[in-house]
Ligand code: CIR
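To begin, one chain is listed below as structure tokens, in the form predicted on its own.
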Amino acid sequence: MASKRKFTRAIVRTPCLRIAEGLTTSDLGKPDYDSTLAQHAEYIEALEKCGLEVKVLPADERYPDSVFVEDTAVLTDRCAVITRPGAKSRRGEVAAVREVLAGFYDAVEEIAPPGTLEGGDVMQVGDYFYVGLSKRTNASGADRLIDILRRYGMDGTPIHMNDMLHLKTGVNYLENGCLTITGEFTENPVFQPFNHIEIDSKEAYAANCLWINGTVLVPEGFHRTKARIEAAGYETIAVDVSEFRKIDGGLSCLSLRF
């Protein structure tokens, strides 16, 4: 399971003025707009430190959650797949992303109704993809994605979920056979072949780390998680995403990497 991936680009979208109206299950209060801009700039800087050329899309005031651009597409080295978000208020976000990705990909596929799929439910391990069945991603959407992947020489499997918003809320692949993992996924037999970096329940939010070209971005303030990832042999960069956490966002949600 040695790492073979190399990312060169990322796409992000500037937070819009209406970000405080975004969907959320948290009780952490409303995000402050100026703080989200500052944290977003720090996030872009971290991506650039990892060697990525970052394309910054303008804020879209029609969609409060549009900063979480990862949910709009699944990107592979052979094709891009435009999703169909399970949150109806977010479905309009995909049109602009489709247009941007057409400039980078010759093959752009789509998830069709009745399927729903959000990128936060998709975890890539080499040419294999784990697709969480959540409140945002249904079986039809997962099956459609897997069918597309197979046409391009890849494969995947659906993962049944009970508790978490997205698959990558609780499990993320750090390459080299390692996962950050917490909660309901810890005992899932599908993930037993991997080396686990178990994340304590008190730091469960930090399970959503982001591997980019050998460096792992870790949310700032989760010192135990950061130490465990470093003990596993990874370099880390701590990034403050506390404002995005207030609307159920994390490190992976804020970009599309390819």
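Don't overthink the numbering: it's just position in the shown sequence, from 1. Predicted model only: the values in this text are computed from it and were never measured.
FYI, the form predicted together with this ligand isn't displayed, but the following is about it.
Heavy atoms within 4.5 Å of this ligand in the predicted complex are found in exactly one of 161-169, 74-82, 102-110, 184-192, that being 161-169. Interface membership of L256, defined by any non-hydrogen atom within 4.5 Å of this ligand in the predicted complex, is ruled out. Although the partner is absent here, G132 is not a contact residue: none of its heavy atoms lies within 4.5 angstroms of this ligand in the predicted complex.
When this ligand is considered in the predicted complex, G249 lines it closely, a heavy atom lying within 4.5 Å. Interface residue remark: R144 is not counted as part of the site for this ligand in the predicted complex, having no heavy atom within 4.5 Å.
Taking this ligand as it sits in the predicted complex, the stretch 46-77 comes within 4.5 angstroms of it through a non-hydrogen atom at D65, F68, E70, D71.
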